[in-house]
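For reference, the chain that follows is the form predicted on its own, supplied as structure tokens.
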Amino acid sequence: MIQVASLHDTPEGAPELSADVEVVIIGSGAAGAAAARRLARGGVRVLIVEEGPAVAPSQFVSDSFGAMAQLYRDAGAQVAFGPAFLPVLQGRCVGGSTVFNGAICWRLPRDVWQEWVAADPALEGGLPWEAIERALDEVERDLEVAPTDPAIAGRKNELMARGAAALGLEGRPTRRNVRGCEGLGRCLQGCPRGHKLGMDRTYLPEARTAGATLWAGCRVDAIAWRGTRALGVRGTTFSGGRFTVRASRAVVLAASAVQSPVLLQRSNIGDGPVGEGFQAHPGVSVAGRFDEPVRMWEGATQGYEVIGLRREGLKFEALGFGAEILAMRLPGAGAEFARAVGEMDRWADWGCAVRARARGTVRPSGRSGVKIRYALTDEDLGRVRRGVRVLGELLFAAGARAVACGVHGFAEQIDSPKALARFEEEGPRDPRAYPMAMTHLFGTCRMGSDPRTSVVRPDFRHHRIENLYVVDSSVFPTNIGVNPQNSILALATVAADGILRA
């Protein structure tokens, strides 16, 4: 179990809570947990401050909307504003998004790192590939990363493998961080039996064993600083009480590519392009109806992926979620929709994550909110159209009898791949036509050698505040085109090693 000081019930009028530590870490997701474990094991007195609640596996709810209310930021309703409103999915709980993601594990692609170094050669010295590789090796050992076991894959994953083979596209069983997975299909709601090795089950308990403390239900409102030194943090508990943490050695910001830049701006630390350069992987999905039962809510949630077009910025994944979400993807209305619901066990929904080039902004809004602005480029929309076409082709190649693209202005349901042939060229150019959501967020406190174009140095230190570190995916110079959990864990580990040496 994680040692958590729950501050939800701080009595009204009680004295302000305070603590003195060497390092305070803001956020308990992948970045915060990795940094906390490394620092605590190095003998540093660490306090992790997490805005969301601690939720045990036995408390996870089975329905998708209930899980969003329990574990997701703004109950999954956070959006980016622009030509289309795009949902931006993030965690808000102890362990962050590692609690409810699909358990997909990728190493940082070397070609992405090479792009970063080509744009700023100083990154090669500050973030050497050998150090990243060592950290990734450690992460994969610790989280028992392995390909999905065919015994628990489920029909949806088997069918995607069939479609990929028929089209000659490279695919593979997804590498996942699980132990004893039973194929319950509950990853996106939180595994009720604790089989997914998220931060709540691994790095945070290990940090606690090494002496770290975690406060849940505590929102950091500002970083305290003077001159070129960060002094600690101030914030508010869930029940409205106040707290102060003084940090003698460092403040480590690991609150995500949305919350980290907003906290810097609220703390009057607006140096460089903080809040600029927001990037993501917008995702689009297509559903297909098969003659045979698929029951896409069973089996490994995301157990197969098609990676043959990754260098084009497209990555395809089998999806698995509750029937209530699948129902939203079914075609028709009235009697036609009722028939589709009656055949729900025969539908599969597969997704495509797009490595979009668009860059947006993140700004504070109101007292404690954020405002994200983001607009896909024409090139990005071309990739989205190609993704929809290939998803449909994969479904047909796997044996689907009908495909529902879910694209406004396009046929609601098609029964032949011929109708997809011209979609890439002739599909809608309006982003509002596509049902998309954004995950995997990057770039708003990006790393670099020039303080005019970056927020932190190649060693994760803020350019002006000497002992303020940012260690989450906001420091990534770009998005990476693959699931970032293990890359975040590895880079945060490298950052923590630097703090220990400082």
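Heads up: residue numbers just count along the shown sequence, starting at 1. Note that the coordinates shown come from a computational prediction; the quantities given were computed from them, not determined experimentally.
Only in words, not in the display: the form predicted in complex with a small molecule, which the text now covers.
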property	result
Residue 444, heavy atom within 4.5 angstroms of the small molecule in the predicted bound form	no
Residue 219: touches the small molecule in the predicted bound form, heavy atom cutoff 4.5 angstroms	yes
Residue 263, heavy atom within 4.5 angstroms of the small molecule in the predicted bound form	yes
Residue 389, heavy atom within 4.5 angstroms of the small molecule in the predicted bound form	no
Heavy atom within 4.5 Å of the small molecule in the predicted bound form - the one residue of 304, 203, 350, 100 that qualifies	100
Position in contact with the small molecule when the complex is considered in the predicted bound form, options 427, 154, 91, 275, heavy atoms within 4.5 Å	91
In the predicted bound form, segment of 109-117, 320-328, 91-99, 353-361 with a heavy atom within 4.5 Å of the small molecule	91-99
